[in-house]
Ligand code: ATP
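The chain below stands alone and is given in structure tokens; this is the form predicted alone.
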């Protein structure tokens, strides 16, 4: 396989644009006689003039050999082993992924295909194995040509086997191999294709869009946690609003957010649609400014209208606000039939964001300090501000919460004191169970002096 080489300077970047940690890892691998390159999305983004989020290293060293070179590392994964290398002085969560070149056991040229009989299921035989290979074999396992680029920061050159640089220049999203076959092998590629189109503004190669429209249902076979991780990436890459539109250009939109699909079909630009769009724009702005975004906030936004309807329904049945809230959260995030299964850690945060909305609006002086001490307060406050932009919340309420975060402790105490005195809270009457009530009635009818 012939490769084309480009100097990074002619593509508009150099090694100063990559993380120092990844550069040191590559240098260390090379000093021990191994290959070491950056690969995938980080090289693509550098070529496009974007700032990569992650820097992934690939090498011909095996996982146990990598761990010998880097004592502060650990092997993760079972089917596909990856080494997380942590540099000296960094926190545990700050690591670089280092992966060994792999071969596809089912590709015609693979050494695995030569030793296994054709009638055997190679995927099943090697389900728990890691099939390592050469760089030329590794590149054929990647999804899109724009993600198949390798960068050597020591030599300062990009290695292109499949025309990825040309596709970037032509703004084309091209699959490595037949799109239908590659989507069938890994349906997550359907989600990635839609995401890259939204993020980069590239056009699909001829025939890819038709394959996505016809076979989006294949994503239902993905592992639920992996599916969730792929979907939330739509909304943390700086193109959340465009991603929202692209999702609904395919069957994926209705599969994920069926409660929104009818509104979009009827071009209904109601208050809730504006609420979602404002949240997406705010998310994109935060990403551009380098501020953190959390997936739980987006989940809270998208299912807010469903939550409100469910909350009103339960309160109409006579449930107390607290119990109605718990039931509504369960209906919206846990019990509803859904393709997008939301992790419990996310449900817990959304539960708190929604629960605190009524408390923030009431401004009961007894609750102010506990609310502000709550670790979800800032997210709940941001949600309150977002609701005010579409007229759901009185602007004076938002202004008050904004000011109380900015003043000193004495002024804060004064602001709380000036709030109107709250209504007395009704004491909860302990409800006796049936046997207790029956026992009480029986005791009342018996003579008191039995002796």
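Predicted model only: the values in this text are computed from it and were never measured. Numbering follows the first chain given and starts at 1.
The discussion below concerns the form predicted in complex with adenosine-5'-triphosphate, not included here.
Looking at 380-388, 416-424, 393-401, 40-48, the stretch with residues near adenosine-5'-triphosphate in the predicted complex, meaning non-hydrogen atoms within 4.5 angstroms, turns out to be 40-48. Among heavy atoms of residue 56, some come within 4.5 Å of adenosine-5'-triphosphate in the predicted complex. Contact check for residue 142: a non-hydrogen atom falls within 4.5 Å of adenosine-5'-triphosphate in the predicted complex. Contact annotation: residue 186 falls within 4.5 Å of adenosine-5'-triphosphate in the predicted complex, judged by heavy atom distances. Looking at residue 84, you'd find every heavy atom of it more than 4.5 angstroms from adenosine-5'-triphosphate in the predicted complex. Contact annotation: of the candidates 351, 199, 376, 174, the single residue with a non-hydrogen atom within 4.5 angstroms of adenosine-5'-triphosphate in the predicted complex is 199. A single residue from the set 305, 147, 283, 216 has any heavy atom within 4.5 angstroms of adenosine-5'-triphosphate in the predicted complex; that residue is 147. For the stretch 215-244, the set of residues having any non-hydrogen atom within 4.5 angstroms of adenosine-5'-triphosphate in the predicted complex comprises 226, 233, 237, in sequence order.
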